[in-house]
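We begin with a single chain expressed as structure tokens, specifically the form predicted alone.
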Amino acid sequence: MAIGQLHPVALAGVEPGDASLGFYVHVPFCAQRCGYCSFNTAALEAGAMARYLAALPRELDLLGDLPWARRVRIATVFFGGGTPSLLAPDELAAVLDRLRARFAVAPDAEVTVECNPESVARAKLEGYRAAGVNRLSLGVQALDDALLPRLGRLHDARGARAAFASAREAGFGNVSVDLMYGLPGLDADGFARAVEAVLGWAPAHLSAYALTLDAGSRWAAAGVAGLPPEEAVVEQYWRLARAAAARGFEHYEISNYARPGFRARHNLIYWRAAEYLAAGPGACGFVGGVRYANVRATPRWCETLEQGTLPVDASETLTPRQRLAERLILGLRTADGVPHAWLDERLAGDTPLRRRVDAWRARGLLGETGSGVRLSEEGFLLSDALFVELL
């Protein structure tokens, strides 16, 4: 693996393998950082948003000046964070307009904005829709009013429900809701009540993530009391999977459930190890076998762009072995699975690994799709153990 400085001239020389790309835009600002969050965030200080919004079009222009930029089409756009819904509708519209001016954006592109419930209302969401947003991802996380402040969330259960209703009133048919399980002080019954409540709203998509104490989060550094035991987390997973299936949701990725026709198209780009550009502090892209990461600190990211330079900080060029392992791991996260040929290539000459994979098959954790292999529902739950082996 080669990790180091990747200068703009090198990015210009990286040729995309696909004519269709995703585009990720990172909005780092948060009114308050959650205890479990390890994402690249920034405090919403005076003048910080204005400086960011002045620098972001410069990055879009520099990316749009790459020699191959006019030969690709943007199929999906995803505003993540941070809290992208801190952007006013006209601010978000200006970003999308600049993106469309520099790239060919597909007429049917999926355009998603992550939203915190307390930061949206019907008028703002109507403005987002007028700007071209056609999908919302609502960060509810929990519906327990005693737990939400402990997580660092600024909304309550009533506010979460009101935000979802505002999205529907604003005309959004494609709304996803985020929940978390394995949270401190949350038992299986409490989580199941939240799942049933959210499913009762009739979202198009549900994302549910087990709490992980990743490096960079306050909870990872300081610890957190009251975490449920592993068997309780497993029970919460199964309560979720069964409730979603009963409502007609497809469990199409380890942490994601969708009604027919509402898979997250942008996230599928990641899981299929396809290509995407990225803009914003700390944003990561993947083009032509090269994964790159922007400068993380928002002030330094702004300064780099103010000097007329792309803020790319580091890169890695994947070897064929790494590329294969990544495609396997990401593909096995999905219900579609992976082709037999990919797994056979990885197993070639590795007898111990082949035996472990055969053992997974014998346990019913890995099954056939017809053209390939996929993890079963229980296999999803235990996937990390296999993924370590495939690396």
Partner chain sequence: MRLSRIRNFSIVAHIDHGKSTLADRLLALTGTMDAKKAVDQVLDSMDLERERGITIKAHTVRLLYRARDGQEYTLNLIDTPGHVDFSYEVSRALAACEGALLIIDAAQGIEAQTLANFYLASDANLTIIPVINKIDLPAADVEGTRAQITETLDLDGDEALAMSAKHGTGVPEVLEAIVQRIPPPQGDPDAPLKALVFDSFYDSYQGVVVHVRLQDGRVRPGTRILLMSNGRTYDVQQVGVFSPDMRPVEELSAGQVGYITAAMKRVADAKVGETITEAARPTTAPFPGYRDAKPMVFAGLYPIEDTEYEALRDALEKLRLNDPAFTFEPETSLALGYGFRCGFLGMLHMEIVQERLEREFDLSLIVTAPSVQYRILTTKGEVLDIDNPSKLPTPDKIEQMEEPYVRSSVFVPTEFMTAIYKLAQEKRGEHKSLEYHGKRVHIRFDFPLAEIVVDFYDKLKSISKGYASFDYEFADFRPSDLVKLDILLNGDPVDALSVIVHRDKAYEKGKALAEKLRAVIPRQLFEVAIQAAIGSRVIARETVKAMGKNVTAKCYGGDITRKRKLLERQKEGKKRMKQVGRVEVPQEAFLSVLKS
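In this text the structure is predicted, and so the values were computed from the model without any measurement. Positions refer to the first chain, counted from 1.
Absent from the display: the form predicted together with the partner chain. The rest refers to it.
Residues within 4.5 angstroms of the partner chain in the predicted complex, judged by any non-hydrogen atom, belong to 313-321 and to none of the other stretches in 154-162, 190-198, 313-321, 100-108. Taken together, the three residues Ala46, Glu118 and Trp219 lack any non-hydrogen atom within 4.5 angstroms of the partner chain in the predicted complex. Site annotation in the predicted complex: the residue of Leu343, Ala42, Leu365, Leu60 reaching within 4.5 Å of the partner chain with a heavy atom is Leu365.
The partner chain in the predicted complex comes within 4.5 Å of no heavy atom belonging to Asp65. Shown alone here, Val295 lies farther than 4.5 Å from the partner chain in the predicted complex, counting heavy atoms only. Looking at Leu382, you'd find a heavy atom of it within 4.5 angstroms of the partner chain in the predicted complex. Tyr276 belongs to the set of residues with a heavy atom inside 4.5 Å of the partner chain in the predicted complex. Contacts with the partner chain in the predicted complex, taken as any heavy atom within 4.5 Å, map within 238-258 to Ile254, Ser255, Asn256.
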